[in-house]
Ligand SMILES: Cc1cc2nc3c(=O)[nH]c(=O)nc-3n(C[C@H](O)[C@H](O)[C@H](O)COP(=O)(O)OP(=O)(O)OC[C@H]3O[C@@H](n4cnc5c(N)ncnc54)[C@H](O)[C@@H]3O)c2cc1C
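Just one chain is shown here, as structure tokens, and it is the form predicted on its own.
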């Protein structure tokens, strides 16, 4: 593992009474291609200690609902089985974040965690550092190239970040080792006393049924877990990768990989997907890696370096200025949040976007750009359009509440873009319209897929 993936958050003190090495699994919920898990097990083997993997299940996770929890727990069923078949204990605790992990840390010689990029995730790790009686190491495996290694500050655009990533990708695509066998016996001690007041749980359908979470958003056809992700990707690679560069913006072609929900929950690694695509080569693979690495890691750069990433004032000054200058421009249509959420606009293409997201848990990437642009155009103000876009994205998308989602919404308002021809409402923000969709693909077919012919 490249040493730039390792961040020592706390080197002292050493807990001489520690009985195991603890890996706090959070953003990377998988066994395969997980450098934090590999490094934690290597350290456990060096110390002749067992490895315990802890997972803190928090039902009040902001904006998460049954759709998100069910998908995540389905993946954790597979993760627990894979870990315990390798002699590694998996402990899942229903507790406020990160209180369950702090309890497990009391008996740890060393705590290893993966890196999260959102402020909430960073705050949990800071609390762990304050409370843990042992060293804490963070391993960055959620991206191909560690964020601070790729670029030392917020990148203005993909053109700024791309050269650095292209230089570093060959190094970081090949820097990981396979998971070694566990050297110490399986840690079978009862955690009841240590976890008093909290509830150890087992991932599975019964746990999902028992969750006290928002159940207003239905489940989707997506199946969680590494195996489902890899099988889906393999099928997509065989059928669509070669044409990804020419077909990815046509939602009827089914040319996008559908990997974003799995990447969000860390059920598969971006590194594994990039290597698998590059094995095939060609223009399709190059275009896919551009989206998977450059565009995705631009979003990580955004949330890591910009503390206002989820607020309207995260936009560049030129965006704020032009939108302010045009805030009072007449709008042909103005919709309320309820009308947006229920897909009750005059535009069947926009309604189809919203219904695709509500029903499937994912929206085609090109259509999500159109979706966001029209929210800007037909909302009472750009600030309301911003907040409503984040609300809808985070509620219905399986990959919501993610750096990609925040950066994707911000792009619709001009972030990571440049000024274009000035027009009403948009100012110099890039414009999209229905006729543009018609020129690119069969928009009526897309509408019919999600709305039905009654909307024509």
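Numbering follows the first chain given and starts at 1. Every value quoted in this text rests on a predicted model; they were computed, and no experiment measured them.
The discussion below concerns the form predicted in complex with the named molecule, not included here.
Taking the partner from the other structure, the named molecule in the predicted complex has a heavy atom within 4.5 Å of a heavy atom of residue 404.
At the 4.5 Å threshold, heavy atoms of residue 282 stay clear of the named molecule in the predicted complex, well away from it.
Residue contact check for residue 71: none of its heavy atoms lie within 4.5 Å of the named molecule in the predicted complex.
Of the heavy atoms in residue 56, none are within 4.5 Å of the named molecule in the predicted complex. Looking at 252 to 260, 310 to 318, 327 to 335, 137 to 145, the stretch with residues near the named molecule in the predicted complex, meaning non-hydrogen atoms within 4.5 angstroms, turns out to be 252 to 260. Proximity to the named molecule in the predicted complex, defined as a heavy atom within 4.5 Å, holds among 368, 272, 240, 94 only for 368. Between the options 42, 399, 33, 417, the residue in contact with the named molecule in the predicted complex by a heavy atom within 4.5 angstroms is 399. If you take 272 to 310 and check each residue for a heavy atom within 4.5 Å of the named molecule in the predicted complex, you get 288, 291, 292, 295, 296, 299, in sequence order.
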